[in-house]
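Taking the form predicted alone, here's one chain by itself in structure tokens.
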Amino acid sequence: MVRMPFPSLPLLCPVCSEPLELARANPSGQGGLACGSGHSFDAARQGYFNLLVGKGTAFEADTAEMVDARFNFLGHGHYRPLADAVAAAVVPHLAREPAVVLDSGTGTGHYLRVVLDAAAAEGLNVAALGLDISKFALRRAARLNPEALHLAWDVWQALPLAGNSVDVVTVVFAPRNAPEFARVLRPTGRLLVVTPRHGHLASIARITGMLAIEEDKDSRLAGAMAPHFIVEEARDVGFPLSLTRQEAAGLAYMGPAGHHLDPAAITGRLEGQPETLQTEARFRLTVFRPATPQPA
């Protein structure tokens, strides 16, 4: 059964833009979302709602194999220092009771899990919403974060949320729709974006064929977010990684390279390498504030 966070999140119907609320559970125990005009969306058995209507999305979602690789890698805590840094940046902006957090591109939900745990440790009540276009990722996220609501959604479409309703938007290695993020954020809200820095996983990327990180990524990010957002703070997060060949293969396959690289080919490229490989994770964590208040 899908549990709705408290209170009801400020959802909007993707068909008519009326408020979307949790409907009474059906005999099978699954809840549904419905608006006053009668549009309804049943919960998937795995605990998420698919709000994509019409043609859905033209973007390629992460496959089950890519999601499995990411879930296993993150589940072993390899990126936990990054998750802790995200939580440390988010929690100070959750003073409202309860605060609303939107995790856009939530993936397997590991980063949101750490945010929710950190907020709970501070005695804060949080209503959380996770968006992703991959049903395989949402299945994992819904199990990991049962107190959050999870929606299958394309972030490049208008977000199914009321304006001025979100305290923090987190975007970790996911697309960034600046106008929509600015619309749904409260005037005092913050947008937190995590991107890889130049040299991220460089030694493993050279072996496996992962995409290189451009040197001007930070300036292009700031430019893409303008005029809707202003950089308030930016900090680097980096740490060494010691990975087995199997873990390195999963790391290569769990990201964008997984859409065009074959797992067997990645494993083959790692053959002959030392059983333990050393590399460095390099990230940039940027906090943006809205440039101008959005109309109510």
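Keep in mind that what you see is a predicted model, and the values were worked out from it rather than measured. In case it trips you up, residue 1 is the first one in the sequence shown, and so on.
The protein also exists as the form predicted together with a small molecule; that form is not presented, and the subsequent description refers to it.
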Subject >> Location of the small molecule contact in the model of the complex, chosen stretch of 84 to 92, 202 to 210, 101 to 109, 121 to 129 [non-hydrogen atom, 4.5 Å] >> reply: 101 to 109
Original post:
Is there any non-hydrogen atom of Phe73 lying within 4.5 Å of the small molecule in the model of the complex?
Top reply: no
Subject >> Heavy atom of Ala158 within 4.5 Å of the small molecule in the model of the complex >> reply: no
**OP:** Using a 4.5 Å heavy atom cut-off, state whether Phe181 contacts the small molecule in the model of the complex.
**Re:** no
Subject >> Residue contact check: Leu144 to the small molecule in the model of the complex, 4.5 Å heavy atom >> reply: no
Original post:
Considering the small molecule in the model of the complex, which of Ala137, Val115, Ala148, Val169 comes within 4.5 Å of it through any heavy atom?
Top reply: Ala137
Original post:
With the small molecule left out of view, which of Pro187, Pro175, Gly77, Gly223 would have a heavy atom within 4.5 Å of it in the model of the complex?
Top reply: Pro175
